[in-house]
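Coming up is one lone chain in structure tokens, specifically the form predicted on its own.
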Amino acid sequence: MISLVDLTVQFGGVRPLDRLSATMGASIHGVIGPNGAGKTTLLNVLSGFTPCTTGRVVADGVDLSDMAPEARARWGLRRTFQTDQLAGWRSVHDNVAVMADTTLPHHDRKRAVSDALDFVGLDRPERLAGSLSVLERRLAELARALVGHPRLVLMDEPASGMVAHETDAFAVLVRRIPDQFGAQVVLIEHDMDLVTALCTEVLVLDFGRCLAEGRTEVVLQDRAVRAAWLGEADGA
């Protein structure tokens, strides 16, 4: 369960998040909205990369607000990005192991990396990350996010660049994360087929505020949501 309490982020005269309060309790919870709505800023706040002007973030009863990013990683928060952060000149194994090196005791690292790679189905971990396909790069990023059985996995447009059958294969893995790892997933995604397939609940942002939240199938039929996010005329 994640509670967002009166979150405001201000850069000069711009407020990418404006007194945002919401609760995200689904095992896979979607965050959607038009470009510039504040979605990535919200993930940056959850990650500890962007400080809040006001407000608090509470996850599983723990106040993360004043916790540094590396402390959040040790607590169990993981993150993927819109563009992958793999070091192309290093092996797949090394790219995944970097998370184990920073969050786990030495004796647990080898097994944690192996388990994460097995879960996503990436063989030949000695390959250089720069040689991977788009899907394989996304799988390597996912493996890194799953090292050490995290509590919370944040995913920022993970299907970007994939074709339909690759997205379907990726979705199968994401759907298994809550049961197999005991982690909650927060997913930002523009692919509505993926959102409806994975997310039982969604939070809709618009201009940094909560436009709607609740069951996915209900929220996506909301007239205000369709007007703001789908570009439909209000009342169409």
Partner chain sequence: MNRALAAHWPTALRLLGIVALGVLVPNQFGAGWLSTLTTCVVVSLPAAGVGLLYGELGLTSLTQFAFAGLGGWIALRLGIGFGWPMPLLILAAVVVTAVFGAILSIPALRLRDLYLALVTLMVAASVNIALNAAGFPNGGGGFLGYQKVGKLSRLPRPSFATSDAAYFRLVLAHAAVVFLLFGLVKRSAVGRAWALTAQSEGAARSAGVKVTQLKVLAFAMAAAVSGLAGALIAGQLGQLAPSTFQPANSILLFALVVIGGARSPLGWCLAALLYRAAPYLLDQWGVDGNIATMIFGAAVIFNLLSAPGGMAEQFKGAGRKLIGLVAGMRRPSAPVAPDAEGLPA
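Numbering follows the first chain given and starts at 1. This one's a predicted model, so the numbers in the text were calculated from it and none came from an experiment.
The following text describes the form predicted in complex with its partner chain, which does not appear among the structures shown.
S.K.: Each of R74, T102 and L128 near its partner chain in the model of the complex, meaning some heavy atom within 4.5 Å?
M.R.: The answer is yes; R74, T102 and L128 each reach its partner chain.
S.K.: Pick from D108, D115, E166, E136: which has a non-hydrogen atom within 4.5 Å of its partner chain in the model of the complex?
M.R.: In short, E136.
S.K.: If you check in the model of the complex, is Q82 within 4.5 Å of its partner chain, heavy atoms only?
M.R.: So Q82 does not count as contacting its partner chain.
S.K.: If we define contact as a non-hydrogen atom of the residue within 4.5 angstroms of the partner, is D193 a contact of its partner chain in the model of the complex?
M.R.: No - in the model of the complex, heavy atoms of D193 and its partner chain never come within 4.5 Å of each other.
S.K.: Does any part of A97 reach within 4.5 Å of its partner chain in the model of the complex? Heavy atoms only, please.
M.R.: Although its partner chain is absent here, A97 would touch it in the model of the complex, with heavy atoms inside 4.5 Å.
S.K.: Under a 4.5 Å heavy atom criterion, is P69 part of the interface with its partner chain in the model of the complex?
M.R.: Judged by the heavy-atom cut-off of 4.5 Å, P69 is in contact with its partner chain in the model of the complex.
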